[in-house]
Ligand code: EPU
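Given next, in structure tokens, is a single chain: the form predicted on its own.
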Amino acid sequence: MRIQFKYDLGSQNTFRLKVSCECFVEYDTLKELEGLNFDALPKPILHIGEGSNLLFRGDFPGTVLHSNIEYIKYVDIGLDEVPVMLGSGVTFDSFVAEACRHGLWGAENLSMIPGEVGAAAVQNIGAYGVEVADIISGVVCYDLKERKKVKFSRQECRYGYRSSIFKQPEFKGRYIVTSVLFRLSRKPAPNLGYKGLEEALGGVVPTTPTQVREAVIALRDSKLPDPCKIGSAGSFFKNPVVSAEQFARISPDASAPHYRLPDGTVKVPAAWMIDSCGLKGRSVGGARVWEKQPLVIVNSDGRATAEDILSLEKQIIDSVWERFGVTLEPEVEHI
């Protein structure tokens, strides 16, 4: 376990903002986490993964925790379903890549999403018609209030669109995810409901999860900035869900891209709304709306400040509200 004070968080946030924390703690096992003297640590306490969904508004005055629990255990019982237990510090895409190499289905649509397994289970990451909740069986956490290990079933996690019990105000910050149980399948089950993915496959029906993974990677590479070159936090806003009546006002001829949900509401791509407002390429200081995917805000020159990003965020929210009467909600967590 490593404990450092006055720690530079530049490499712990994918926006690459120049921020620091009072104390940084990285642990390798659940036992190390349990042995921490939390009462003596600077407050507040924040647990992060790769920092790929965070916007630090400034230096953090407390303690930042990070998991380095990185095991992958397969529970192969010879059936179609294959349970896989992962430590929370495993890079999520390395898990997806390994699952695809083993011919296991379920995670392939989530290829190349940045971040770690623990954060994925908290955020309920999703892409191309799949959410991580679709393949989670259970989550193991350390309860900071009761100071003990606890387990949650998938149902108890209360998963929703980019949400879970771990993000609810009454539980936020209480539970630290230490491992996640996934259920994958040997049985081919390609999810090609996302139109762009079907097109990327060129009409070919995939017979391996690797084929889907490669198509997803090609799609992401064509739209999203290279995280090794340009700082960002991925999709900055959630796709708004509106009533059928509100959607009729947004798009009277229903020509706008949309997805009708079982309860009668309609999900509208935030990227389309932002683009319709003419905001592609809009910049404030070093922050810019990415030209190929307006759902993404980038640190274009590596010198953007939190104030630049927040100002650009407000411009986007105000513009979409003025044109469509819809308030966009950030997906990126503001710290």
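Keep in mind that this is a model prediction, so the values were computed, not measured. Just count from 1 along the sequence shown to find any residue number.
The protein also exists as the form predicted in complex with this ligand; that form is not presented, and the subsequent description refers to it.
Undergrad: Check L224, S235 and Y259: does every one of them have a heavy atom within 4.5 Å of this ligand in the predicted bound form?
TA: The answer is yes; L224, S235 and Y259 each reach this ligand.
Undergrad: Check whether G126 has any heavy atom within 4.5 Å of a heavy atom of this ligand in the predicted bound form, and answer yes or no.
TA: Flag for G126 set to yes.
Undergrad: With heavy atoms only and a cut-off of 4.5 Å, decide whether K31 touches this ligand in the predicted bound form.
TA: No, K31 is distant from the partner.
Undergrad: May I ask you to check whether F60 falls inside a 4.5 Å heavy atom distance of this ligand in the predicted bound form?
TA: Output for F60 is no: heavy atoms all beyond 4.5 Å of this ligand.
Undergrad: My question is simply whether K187 lines the interface with this ligand in the predicted bound form - judged by any non-hydrogen atom within 4.5 Å.
TA: No, K187 sits far enough from this ligand in the predicted bound form that none of its heavy atoms falls within 4.5 Å.
Undergrad: Of the listed stretches (166-174, 245-253, 227-235, 134-142), which one has a non-hydrogen atom within 4.5 Å of this ligand in the predicted bound form?
TA: That would be 227-235.
Undergrad: Only one of K149, R158, R101, R220 gets a heavy atom within 4.5 Å of this ligand in the predicted bound form. Which one?
TA: Filtering the options by heavy-atom distance leaves R220.
Undergrad: Identify, from the list R154, R162, K73, R183, the residue with a heavy atom within 4.5 Å of this ligand in the predicted bound form.
TA: Looking at the other structure, the residue within range turns out to be R162.
Undergrad: Looking at this ligand in the predicted bound form, which residues in 189-214 have at least one heavy atom within 4.5 Å of it?
TA: Heavy-atom contacts to this ligand in the predicted bound form: Y194, K195.
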